[in-house]
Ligand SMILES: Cc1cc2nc3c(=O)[nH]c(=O)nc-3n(C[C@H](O)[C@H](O)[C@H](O)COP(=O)(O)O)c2cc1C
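Below you'll find only one chain, the form predicted on its own, shown as structure tokens.
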């Protein structure tokens, strides 16, 4: 879903008049007629589900209380999910964790000067700096696998060490790495090229509602959630933990960015449909949950 489609649906379902929809959604008369002809089923679905959505937050909190839970799939002996999803593509090596020179900024200083920074210089990140950011936020320092359980242990907390969050990188300015969308493998500590088409950067920018820090950043961290990795153990309550886990990662990105004289801005305002489509995700078994732009301070 692009911004024009979203705009049409957004203003149409809120009762805006024809001319106001054209103006606010920034669409032409021809585009309006196209949407009118082809999006009627979508409009009906939105109208049907809107009453459900009005109280979904309260229902989510109420119905994920322990009193409503059933036995988890883990308890029932269902096959455990993998700790890391298999991805295919060209492998790009990164500086090994053991070779990194860690920044000497005191933790208190990083906490004190942390800000949501939306403006960046055009300076590229060094590969060592990118490796450090990944060490702080996504790297698996240990991996254990048995028939009954598969776990990774990282520098961020996660409920039951399930670590359902996957990391994609929209690389724009990193020395020695071509721009494109990459997947970060937390065990092998390498990048896997996911999409280097000319359109991918623009798709991500649009999916983030054209927020300028996305296009100005050296790299954008795109965090996705694989819910069953946590739900397998905790049932529907596991959905609560997805957002907690993403928040832990976001704070580490912020602090690590400060330590290398860079800035970060966490982003929750994005078009779910557009971002999931850009990454080829179904939005159910895996979906974009959080985004962070990162770049050197101006």
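Residue numbers count along the first chain shown, from 1. Being a predicted model, the structure only gives us computed values, none of them experimental.
Below, we turn to the form predicted together with the ligand, even though it does not appear here.
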{"property": "Segment that reaches the ligand in the predicted bound form - one of 258-266, 36-44, 233-241, 60-68, heavy atoms within 4.5 Å", "result": "258-266"}
{"property": "4.5 angstroms heavy atom contact with the ligand in the predicted bound form for residue 211", "result": "yes"}
{"property": "Interface membership of residue 116, the ligand in the predicted bound form, 4.5 Å heavy atom rule", "result": "yes"}
{"property": "Partner contacts for 275-298, taking the ligand in the predicted bound form and a 4.5 Å heavy atom cut-off", "result": "290"}
